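This text opens with one protein chain seen in two forms, each one given by itself as structure tokens under the names structure 1 and structure 2.
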Structure 1
Amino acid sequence: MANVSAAANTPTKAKKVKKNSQGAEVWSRLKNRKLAMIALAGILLVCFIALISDIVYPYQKWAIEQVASNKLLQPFKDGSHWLGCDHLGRDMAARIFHGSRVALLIGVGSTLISLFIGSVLACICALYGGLADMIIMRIMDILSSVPGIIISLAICSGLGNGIWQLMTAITISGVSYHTRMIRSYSLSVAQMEYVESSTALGGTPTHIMFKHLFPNIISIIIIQCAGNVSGNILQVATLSFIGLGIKPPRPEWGSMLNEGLTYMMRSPFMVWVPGIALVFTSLMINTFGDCLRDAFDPQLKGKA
């Protein structure tokens, strides 16, 4: 829609002006929103933490080694353990730092894979319709008739604990949702006149898919991508919280919360600290996704 309406509204003179790419325009609009920049800074902070975690807190010494004298050390009591220590005397800050790696890796990785699969399937559905649509949607129906977490649970308990197992589980349970969502949007795009005219002019499905369908649903894909990363991070934490997920000594926010549940009465910080890290990360990603949505809004194009 974006390209068509822009082209239709632009007077002939303006066509000579060099057209900015959509990406550049979106970026310039994003730069003007403080909230977007704050969220971006927050996301970069989490990425930065994930990157430097090995330098600041060497993995084995800080995140894994148990120090009996530090058991349930309260936060801000000891200079070197500013977030306190858990029930086994491991530094909370170090575990939070290292946990961010797992969260980001699985969150981003599984989102990208499942979104890619989902959008390709959705476009095939919208363009070919008929039998292809029927088969793909029935498979998606089958996958999505079960809540994603049940499939994840089954996959995780079958494959065992670990990062790749978790990633597989979350990717598979995400595909059906993306396909359904993107399909419902691409169906409406596929019914547009310009798609019809392109077909009439002999445009192949591949041509339509890349020239007309993708440019018009890309904003929806990107917005979903942002929302989904945080959703997946939360799902990783949820699975770990239940006890399926990362192998125990490795720090992960969800399993840290599970440990915190047992010591909730005596040291509530074990519930607060990983939870706040989790909420902060997902809040920043969600906020940025929302700002992206506003920046992508085609009807605002040229006005901002």
Structure 2
Amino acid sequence: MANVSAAANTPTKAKKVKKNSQGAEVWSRLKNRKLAMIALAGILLVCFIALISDIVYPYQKWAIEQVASNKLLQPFKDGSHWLGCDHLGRDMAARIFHGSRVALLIGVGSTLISLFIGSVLACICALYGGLADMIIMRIMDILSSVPGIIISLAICSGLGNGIWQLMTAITISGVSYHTRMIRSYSLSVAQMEYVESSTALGGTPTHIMFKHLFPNIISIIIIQCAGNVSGNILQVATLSFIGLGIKPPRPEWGSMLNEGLTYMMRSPFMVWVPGIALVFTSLMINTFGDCLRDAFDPQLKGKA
């Protein structure tokens, strides 16, 4: 009877053993790293600021309207302008808050678009190979031979200033890097037995791409995304700093830095405020990207 009872309980115990998904394992490793949680909190803070900017600081009244009496008002001199005002009397805190929207929109948007294009091209190279692989990679070689900032400068010079022009420029400049990186992982996945079996059973390239390739390279895509957003935000600021970014008077951190240079000796806060916002955002995203890469590292599996 004891043996029968033990045998009856065995399946019940076996059912309780549940293998954690990759996402759960990654999150478990991230939770155990204080640096990752600090960086995540910083990213969430920037996103929260972007979301509430219109509520806290109505765009037209605070970020655009010029008040002559508030020109170069120093920080903490007025309770309603705690970060001071710029040379035109516009509230610096309001422009920082609304500038975060531009930074996140272009930084994240251009990264996602370029990653999607690069992932599709990489999967095409891995699935078809031959002539398709050669043509795509030669085009990527041409693009990667020119620095991304030069490509962005050329595109922005031709298309003009604006959000969609910046997104187009930064997207094109980043496609080659993502394609080359993801292609190496896609090639190894495409040689797996289950991909060959799916091909032998008549699976179409589209089916194989979305059913087998994408799910198995999603980790590298996420890592690429986290590591590339901060670079794109800095690139947006660089283009705006030299006058090829957002059209004024729309607030953008790079253009705010450019405006503050003229008044740096008299009112250094005009440079410090957008500079700190830019460095903080980039640092938090970069740090979280590094932690995320370590969390996805297969060599760390089981050590959390």
Partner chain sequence: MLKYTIKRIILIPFMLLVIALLIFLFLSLSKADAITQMLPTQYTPEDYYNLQHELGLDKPVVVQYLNWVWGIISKGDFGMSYKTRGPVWTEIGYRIPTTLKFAIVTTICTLLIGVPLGVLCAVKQYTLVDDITNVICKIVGSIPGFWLALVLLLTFSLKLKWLPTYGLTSFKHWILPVVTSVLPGSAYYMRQVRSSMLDCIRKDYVRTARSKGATERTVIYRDALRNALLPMITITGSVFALQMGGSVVIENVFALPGVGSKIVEAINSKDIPMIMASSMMLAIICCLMMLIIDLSYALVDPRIKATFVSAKRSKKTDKEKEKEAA
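All residue numbers here follow the sequence of structure 1, with the first residue given the number 1. No experiment lies behind these values; they were computed from the predicted model shown. Rigid core here is just the name for the largest C-alpha set that superposes within 1.5 Å across the two forms.
- The chain appears twice here, and it is structure 1 that represents the form predicted together with its partner chain.
- Once both forms are fitted on their core, the CA shift for Trp164 between the two structures remains under 2 Å.
- With the core held fixed, Asn232 shows a CA shift below 2 Å between the two structures.
- Residue displacement note: Ile139 has its CA displaced by under 2 Å between the two structures (rigid core superposed).
- Core-superposed comparison between the two structures: Met192 shows a Cα shift of 7.9 Å.
- Aligning the rigid core leaves the CA of Ile218 displaced by 3.3 Å between the two structures.
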